[in-house]
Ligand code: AMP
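For reference, the chain that follows is the form predicted on its own, supplied as structure tokens.
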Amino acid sequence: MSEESRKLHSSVLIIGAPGSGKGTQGKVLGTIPRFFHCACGDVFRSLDTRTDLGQQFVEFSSKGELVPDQLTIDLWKAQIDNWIETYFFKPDIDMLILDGIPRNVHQAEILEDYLEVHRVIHLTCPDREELARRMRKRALKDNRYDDASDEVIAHRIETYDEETRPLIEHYEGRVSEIDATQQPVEVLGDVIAEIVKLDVYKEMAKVLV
């Protein structure tokens, strides 16, 4: 492995339409040693709003506007560096599991300076009615009643199709399709099976800690 490659964080990206279960799978993977789950929401939640980057984030979020791609990646990079400095994330032995970031092809292009995506796990659920049912159920469970409306759900799926789905084509040749309509434990088994056969995972697994 070249010196340049070593600097790039080895990662696996989980993508899927809202309700496909990517957050659930990412969280479970993050509890397994040698996997580090990083969700876009976690980055924003752990943000120090006193910093310059934090202030920029507040400026957009307080108006309900989408955070620009470059700022999103800058925030992500600052948080990843913080996790490395505090030994929370150990990039030499931890496989980075990304969920919700990159959100679009432009973000993916910016991230190429920082990480190498070895595999994209695409959680597929062609039945849009099933996706809507899951999203409605989750919104009610979390007491987010506004998110349970058909209009909000349709908008979220439409946004995914326009913004995030093109990542599948962007990462062509590195995508594994997994049926998200299975039981969560079966989906997890399929996801892990895809990751452990990667050469980079086998190399990282050899490091004794």
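Each form is matched to the other, and the largest set of C-alpha atoms that superpose within 1.5 Å is called the rigid core. For clarity, every value in this text was computed on a predicted model and none was experimentally measured. Numbers for residues come from their place in the sequence shown, where the first is 1.
Beyond the structure shown, there is the form predicted in complex with the named molecule, which is absent from this document and is the topic of what follows.
Could you tell me which stretch in 47-55, 28-36, 168-176, 138-146 has residues with non-hydrogen atoms within 4.5 Å of the named molecule in the predicted bound form? Every other range fails; the passing one is 138-146.
Which residue, K77, R134, H118, R103, is the contact with the named molecule in the predicted bound form, using a 4.5 Å heavy atom cutoff? That would be R103.
According to a 4.5 angstroms non-hydrogen atom cut-off, is C40 in contact with the named molecule in the predicted bound form? The answer is yes: C40 has a heavy atom within 4.5 Å of the named molecule.
At 4.5 Å between heavy atoms, is E65 in contact with the named molecule in the predicted bound form? Heavy-atom contact with the named molecule at 4.5 Å: present for E65.
Is F60 near the named molecule? Define near as a heavy atom within 4.5 Å, in the predicted bound form. Residue-level check for F60: yes, a contact with the named molecule.
E65: Cα shift of 2 Å or greater between this form and the one not shown (core-aligned): For E65, whose C-alpha is compared between this form and the one not shown after core superposition, the shift is 2 Å or more.
Check L53 against D113 at the C-alpha atoms and report closer or farther in the predicted bound form, compared with the shown form; the change is 3 Å or more. More distant in the predicted bound form, by 3 Å or more.
Quick one: in the predicted bound form, is the Cα gap between G54 and Y114 smaller or bigger than here? Answer closer or farther; it shifts by 3 Å or more. Compared with the shown chain, G54-Y114 is farther in the predicted bound form.
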